[in-house]
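Here's a solo chain for you in structure tokens, the form predicted alone.
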Amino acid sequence: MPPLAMHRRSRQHPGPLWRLLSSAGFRFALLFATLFLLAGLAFTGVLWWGTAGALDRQIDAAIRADAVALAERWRDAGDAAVSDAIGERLALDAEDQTVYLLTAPDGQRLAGNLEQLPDGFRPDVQWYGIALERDGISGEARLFVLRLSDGSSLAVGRDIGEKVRLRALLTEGLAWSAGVAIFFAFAGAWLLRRALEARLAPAAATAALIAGGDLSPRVPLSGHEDEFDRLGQSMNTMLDRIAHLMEGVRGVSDAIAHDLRTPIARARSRLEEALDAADDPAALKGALERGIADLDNVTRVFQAVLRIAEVEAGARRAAFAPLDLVPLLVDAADLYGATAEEKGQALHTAWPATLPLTGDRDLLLQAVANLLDNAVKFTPPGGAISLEASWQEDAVLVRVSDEGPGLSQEDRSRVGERFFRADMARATPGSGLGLSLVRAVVQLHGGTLWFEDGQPDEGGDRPGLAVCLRLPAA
């Protein structure tokens, strides 16, 4: 089998080792284990420096001090005094750990228990390691050679066999400790990988079900309120949002099919009338005009849906600029004030001298216009409509209220959905997209929208409705 094919096969059917090495949990755990081992090595280095290293430094210092003391005695009393001192030191060394040698300028041994200077001796080198054999036992000594002023040589050393054995014992212990640490590091990495897989398994299973088309499952939470629970909560919130959007898409599709069926059927009927009235130019023209009006209504619905989709996607955020909301409110009040006056309604307005914002002027104007249009549409003749704006901490509050039939609490939770119309609004013209656009515009500007009771009429039959917008100030 070619190498490339084998590689592809291993990717398609990974073995346990491949799954272990490719696991993110194992890699994280391995990183932790590596840091743990580095810390262990640092500790081992400090321990070595504090034991074997300290022992080496202590022996070297003792040898140097003994050699300097003997050299001082040689300067004071000569070779004979140093020979006597060496004899005394050897006599007191019951453990036979010391090494001495005093040689004349010609190399003749004058005193000590060492036969000769080390092989390869050079006057410019002071420290040597030499092999010893005592009672048939091989050993090692650390030797310091001091050149005296008349050409004589003084060598002082210590048997370091015990130190070498201690170092070997320490090295063996550290090696075993390192091996055990490596074992526990990899075992801990494997256990951590298993723990991460166990905590992430519910999220992976839920994601697999969602990918299979079932949007109902949610990630189960452990109740520990740790990072995994917070991740699960975020995923559940995201899935709730996706399910809501999918339900909205299905609702929009059903609403478009239902609400556009009537105008399209009406337009078809107009065209059939035009065929029947082909011999009557006036009737033909009227039928065609009514058909065109019905098709224009369908076009407006599609344009409104596209406008809402554009706003919800944030495509209009590039048009944001500093603006004053007051001139915008004045324009909307002038436009719908005349319409309200034609229906015998009164439009009351109130706002401060300036209301600075940052946003899209056209979208904000259309949102206010949609609210005033609804207020005029549902307020009976002789009723009152109010358009108010004010400062509220660091935001601008816009409130449009009417004396219409109002909305129930159940309907208020659904107002803003595309094509939704309350039962009492079925008889009025419209497509149910006005408040959907208002909600999308408010969300685009980072604001909030809610509903309150408006201005009830004198008889109390119409509770009225107030639509409130809260927009962040500039």
Partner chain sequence: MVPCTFLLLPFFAISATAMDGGPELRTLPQGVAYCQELAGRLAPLPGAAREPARSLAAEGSALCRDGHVRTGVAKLRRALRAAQGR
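Take the two forms, superpose them, and find the largest set of C-alpha atoms that agree within 1.5 Å; that set is the rigid core. Given the structure is predicted, the values throughout are model-derived calculations rather than measurements. Positions refer to the first chain, counted from 1.
The protein also exists as the form predicted in complex with the partner chain; that form is not presented, and the subsequent description refers to it.
- Here is the short version: of 227, 394, 124, 95, the single residue with a heavy atom within 4.5 Å of the partner chain in the predicted bound form is 95.
- For the residues 238, 182, 326, 195, the 4.5 Å heavy atom test against the partner chain in the predicted bound form is passed only by 182.
- Proximity of 54, 73 and 104 to the partner chain in the predicted bound form is absent: no residue of the three has a non-hydrogen atom within 4.5 angstroms.
- In the predicted bound form, the partner chain lies within 4.5 Å of some heavy atom of residue 172.
- Proximity of residue 342 to the partner chain in the predicted bound form: non-hydrogen atoms within 4.5 Å are absent; the residue sits far from the partner.
- Contact check for residue 115: a heavy atom falls within 4.5 Å of the partner chain in the predicted bound form.
- Interface residue remark: residue 150 is not counted as part of the site for the partner chain in the predicted bound form, having no heavy atom within 4.5 Å.
- Heavy atoms within 4.5 Å of the partner chain in the predicted bound form are found in one stretch of 124-132, 204-212, 282-290, 395-403, which is 124-132.
- In this overlay on the rigid core, residue 386 has a C-alpha that sits less than 2 Å away from its partner position between this form and the one not shown.
- Once the rigid core is used as the reference frame, the Cα position of residue 111 differs between this form and the one not shown by 2 Å or more.
- In a rigid-core overlay of the protein, residue 73 has its C-alpha displaced by at least 2 Å between this form and the one not shown.
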